[in-house]
Ligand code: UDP
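Just one chain is shown here, as structure tokens, and it is the form predicted on its own.
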């Protein structure tokens, strides 16, 4: 067993890792390629940064490729992201042309790698057309959607579907996200890496150090939301929830996040958030660099309650991270948050700033309930949302695609 997988066995259990070895046996040496639109920022890059080395440790030949785009391309794909989440978006012919041109150029550069691969995983809409530009592909191609597409804006979805329908399979995070497509669809929830700097245990002095680092008051409870500055994360709604809760209980708020290279709207949203917070010294807006993993870890561990008051959410890895650290989460009643935040058990789901404020006050007045929910939250993540489970389901999917409609699959140790 590799040193890396030994470390996962200490957290997830030896049987879990042995199962991975059993699953990968018929796949050893196969070439796997993942393609997405950024190496930094956002949950997709974060997952791939850990999933790829684990696949390599199991004996697969894995590459992670990133397409390079123009401003018009990223403006178009941000429109796709918003439209998939149900927002009416009108995309100009020039934007769509930029989208198709960037994909054609990137696919041309990567074609030798892509066409020789046994499995290609294309993540989200940005590189979706790659398949059409690789006519001599020999492997299985899978489109992986990380976005809440339960009610997509139909004109945009119809356009994207033309690029997606010829894939061998697609993956969605939840059943309600799946769309009608002429190929098999798989449900695989995202995961966190318990060994990453964002999730490992930290010394107490490092946790307490964030109070001095960011000017927080150590004697005042604080609530935290970690996310990109994106309208669908509803940072303005979080500030309103804080204002209402603070009328009944003293507290402070931290909004911590960064940008992503494929999100052109982040700067504008950040400006709006700073303006909304400028009149309150107990609202702290932190723009963190992409590598601030230990800082986010410390903030999550130092907080009393974590929020993720998203209006739309494909999954919400920051929810998983907080739960892994034993924190109850107050989250938006949407998408993948519902899969993690079990109302009144691991936290609360809410639909308004008023609802969030009510739950904040309740938990801060009932510390016993806060601690019970946090303990149950960590257990839920241990059993369902670690990277080892995520990888197991990828391997099972790959074996299934190789064997197609065969009635029996023999697994050789």
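Numbering follows the first chain given and starts at 1. Note that this is a predicted model, so its numbers are computed, not measured.
As for the form predicted in complex with this ligand, it is not shown, yet the points below apply to it.
Only one of the listed residues (145, 317, 76, 302) places a non-hydrogen atom within 4.5 angstroms of this ligand in the predicted bound form, and that residue is 317. Shown here without its partner, the chain carries 227, 233 and 258, all of which come within 4.5 Å of this ligand in the predicted bound form through at least one heavy atom. The shortest heavy atom separation between residue 42 and this ligand in the predicted bound form is within 4.5 Å. Put simply, residue 193 is far from this ligand in the predicted bound form: not one heavy atom of it is within 4.5 Å. Looking at residue 284, you'd find every heavy atom of it more than 4.5 angstroms from this ligand in the predicted bound form. Put simply, residue 123 is far from this ligand in the predicted bound form: not one heavy atom of it is within 4.5 Å. Partner proximity in the predicted bound form, defined as non-hydrogen atoms within 4.5 angstroms of this ligand, places exactly one of 309-317, 234-242, 105-113, 171-179 at the interface: 309-317. Contacts of stretch 188-203 with this ligand in the predicted bound form, defined by any heavy atom lying within 4.5 Å, are made by 198 alone.
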